[in-house]
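Below you will find one chain, with nothing else, as structure tokens; this is the form predicted on its own, and questions on how it binds or moves follow later.
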Amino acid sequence: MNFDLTEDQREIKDVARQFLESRCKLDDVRKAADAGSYDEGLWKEICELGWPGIATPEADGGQGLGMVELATICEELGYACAPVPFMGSVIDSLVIAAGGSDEQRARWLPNLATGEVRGAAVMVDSSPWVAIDTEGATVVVTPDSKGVGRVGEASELEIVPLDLIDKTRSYGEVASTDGFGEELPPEHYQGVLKSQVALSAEMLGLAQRAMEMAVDYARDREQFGRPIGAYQAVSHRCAEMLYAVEETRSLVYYAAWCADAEPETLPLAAAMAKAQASEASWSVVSSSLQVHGGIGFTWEHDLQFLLKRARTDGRLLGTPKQERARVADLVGV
């Protein structure tokens, strides 16, 4: 049995890698972070490629592909640490597609798929309520793991800008959603689970990039006449990073497959993927920083952007502790 990506899925991933390598270098990430805003030119090009609607049904104006295809895009956006409002729009689309009424789907999904409107999403199980991709957002989804979610105009909510360590994405704090928007039924939570998979794929990309940066540095940097990668302390750390990345990859793409082919298994698969990706992305980027030594701790080094995005992503849509508790509940431990 072949557990790899299909030829079409591999092509989507390769094209995304090539596009982002040419259009979103880490110097561009730094410029956007220093400016405190998104790369609007990059976002426009991403919308023209149809990425925001890749997993949105064709009947709702999207491309009608699946979660595996979306995961490949999210992984590459994480690898590039792209400063674009992609994740908020995708979360909104997944949640509305899973539980929205015909009117809600018709109103929001086609425009989210084309990027004509942007979405912001309030993170489940966070205190205070934190919303991502609030800059320029028109629609906001406030999912609820215990019952009814809501969707409505961003202008109806009081969103206070939140200054977090990750400067590559906009955040806001929402004090209350009382009386906000229109209700979404409990079925919308299937979209939240898919959103966990998308966010986990982004963290996989962050970890992959950090590992590659560490390996390249260990190969080139010399001490006492030898590459530092020749020393066991460094080579073993790089091997541990590879193990963490590949374990994360297996869980993320299994969860993405479950979302399309075996949705009854998705709650468990998504929780496992989110817990692993949250811990692995942080540990791998942290290990990469250790391999880089003193240079890795400087403001001038680009590793900081991966580190801060990984730390923030790991606390969104469920912390590792919360997700491991959810796994225990689901398996009856």
Partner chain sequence: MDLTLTESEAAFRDEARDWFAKNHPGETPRGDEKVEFEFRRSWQKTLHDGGWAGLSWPAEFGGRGASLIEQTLFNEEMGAADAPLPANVLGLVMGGPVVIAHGDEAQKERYLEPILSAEEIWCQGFSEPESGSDLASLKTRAVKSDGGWKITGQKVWTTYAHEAKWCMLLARTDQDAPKHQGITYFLLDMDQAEVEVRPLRQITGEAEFNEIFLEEAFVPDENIVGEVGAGWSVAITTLMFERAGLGALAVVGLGRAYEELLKLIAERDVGSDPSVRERMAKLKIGLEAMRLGAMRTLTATMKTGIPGPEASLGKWEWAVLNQEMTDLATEILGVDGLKSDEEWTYRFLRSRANSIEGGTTEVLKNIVAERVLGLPRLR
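The shown structure was predicted, so the numbers you read here are calculated from the model rather than taken from an experiment. Numbering follows the first chain given and starts at 1.
What comes next is about the form predicted together with its partner chain, which does not appear here.
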Position in contact with its partner chain when the complex is considered in the model of the complex, options 175, 106, 148, 233, heavy atoms within 4.5 Å: 233
Heavy atom within 4.5 Å of its partner chain in the model of the complex: which of 110, 229, 152, 136 fits that? Just give me the one. 229
Examine residue 163 and determine whether its closest non-hydrogen atom to its partner chain in the model of the complex is within 4.5 angstroms. yes
Any chance residue 250 has a heavy atom within 4.5 Å of its partner chain in the model of the complex? yes
Residue contact check: residue 117 to its partner chain in the model of the complex, 4.5 Å heavy atom: no
Using a 4.5 Å heavy atom cut-off, state whether residue 182 contacts its partner chain in the model of the complex. no
Work out which of the listed stretches, 98 to 106, 215 to 223, 80 to 88, 192 to 200, brings a heavy atom within 4.5 angstroms of its partner chain in the model of the complex. 215 to 223
Any residue of 245 to 284 with a heavy atom within 4.5 Å of its partner chain in the model of the complex counts; write them all down in order. 246, 247, 249, 250, 251, 253, 254, 257, 268, 272, 275, 276, 282
